[in-house]
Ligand SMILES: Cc1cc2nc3c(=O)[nH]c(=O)nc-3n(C[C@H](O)[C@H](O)[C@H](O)COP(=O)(O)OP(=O)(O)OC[C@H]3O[C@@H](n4cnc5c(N)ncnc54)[C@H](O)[C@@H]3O)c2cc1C
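Presented as structure tokens, the chain that follows is alone, the form predicted alone.
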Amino acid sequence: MKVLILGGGLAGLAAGCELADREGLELTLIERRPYLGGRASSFFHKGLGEEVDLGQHVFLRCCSAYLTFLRKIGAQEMVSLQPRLSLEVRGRDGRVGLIRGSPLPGPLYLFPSILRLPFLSPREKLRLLPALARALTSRRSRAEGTFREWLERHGQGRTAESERFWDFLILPTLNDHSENVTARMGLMVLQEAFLKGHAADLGYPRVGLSHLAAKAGDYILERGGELILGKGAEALQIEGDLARSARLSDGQVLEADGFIIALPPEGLLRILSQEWQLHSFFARAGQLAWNPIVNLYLWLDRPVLEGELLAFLDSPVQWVFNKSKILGRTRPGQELCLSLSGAWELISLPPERLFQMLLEELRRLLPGVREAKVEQYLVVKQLRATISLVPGMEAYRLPSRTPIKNLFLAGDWTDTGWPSTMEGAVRSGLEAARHLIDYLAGRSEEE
């Protein structure tokens, strides 16, 4: 049976690798760009002579589906995962804290280091404990309102210290502030990442993101699948409640028995007929809102950061990654990546203005930068980096199954129960693949 996957981002690749393992399927994956990976990819910048990621991507040990996917395609050696969480955190006032995993089990894993943080007063630390304990037993499905409202209901006042701490956890994981995201998603982060032993250990790629995507593409090719790159799907032909074929940008028409659409919402709606665009099921996808991320890459003439990463509080410079060390580059100088989540105030600034503002702040935070010369810089803006998780937005995340019997959806924006992360993307691809396999199996039995 013929299967088409439209979209070569992480969701499409995860679905493709899952289906490539199944005998009796003729699999074709189609990607509009000439490379795989979607938002989790890299590109070669001719002016800089460098390969640059579309932003710094980080995962946690709790991202079990993503880690399994990496092992499946043989890319586990291309990433690094801390054996025990270790993260230096600095305040603008010069105070330094260390969040480090302990030998203690389960939810106590991070408690000792949190209780030693210099950014929280003894009173605030004591108030944290009952809220964290309550989060352990709370049912996410019953949580209402925003996460900040949930915190206030459980003894977390609107103090500067409290908001600083909770936003430090929520902003990089959900790309928004705790006062905006749903209580359900805030609790999900606490329960899955910070209250499950080693679940919060940090990981990141040791290679350009496109190298990971290429490994997945090779996995599909080696098992008889086909990749069509540089051609996008323009229209989907649907008869009754079955999809029949996809027309590509070069006019080619490909028929199939089953389809997985792993495109962003606007891409999905674009290839549907007007009738299906207005269908109550699909129309919801057009209501999703998005949050931005800004990354600033700096190439300095000398090293200014010894470790691989550093986090800051109360600063527009949220995270700094030592790309030279992470990627194992030995050339003189140092490459840094500043990653800024929830960057609504920065996304509209001209690159030169954004560069000057962040460089001035970085010089205040890292004394070594004051003596360094910036040889090159690059601003990478992602206006639609992740979906918004404000209350009510969950209703617009579509499930994998659709009213079209042989058409299934994948993407980090779909209803995975996770935020729109690499983990969510992989989970969605696996779910779509399994639904498609079940559908084809049922069809075979009928025939």
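Predicted, not measured: the structure shown is a model, and the values here were computed from it. Residues carry their position along the shown sequence, with the first being 1.
As for the form predicted together with this ligand, it is not shown, yet the points below apply to it.
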Quick one: from 40, 404, 65, 27, grab the residue that has a heavy atom within 4.5 Å of this ligand in the predicted bound form. 40
Only one of 258, 264, 101, 342 has a non-hydrogen atom within 4.5 angstroms of this ligand in the predicted bound form; which is it? 264
So, in the predicted bound form, is residue 15 in contact with this ligand at a 4.5 angstroms heavy atom limit? no
Verify the contact flag for residue 232: yes if a non-hydrogen atom of it lies within 4.5 Å of a non-hydrogen atom of this ligand in the predicted bound form, no if not. yes
How about residue 400: is it within 4.5 Å of this ligand in the predicted bound form, going by heavy atoms? no
With a 4.5 Å heavy atom cut-off, would you call residue 156 a contact of this ligand in the predicted bound form? no
Given a 4.5 Å distance limit between heavy atoms, list every residue of 286-300 close to this ligand in the predicted bound form, or none if there are none. 293, 295
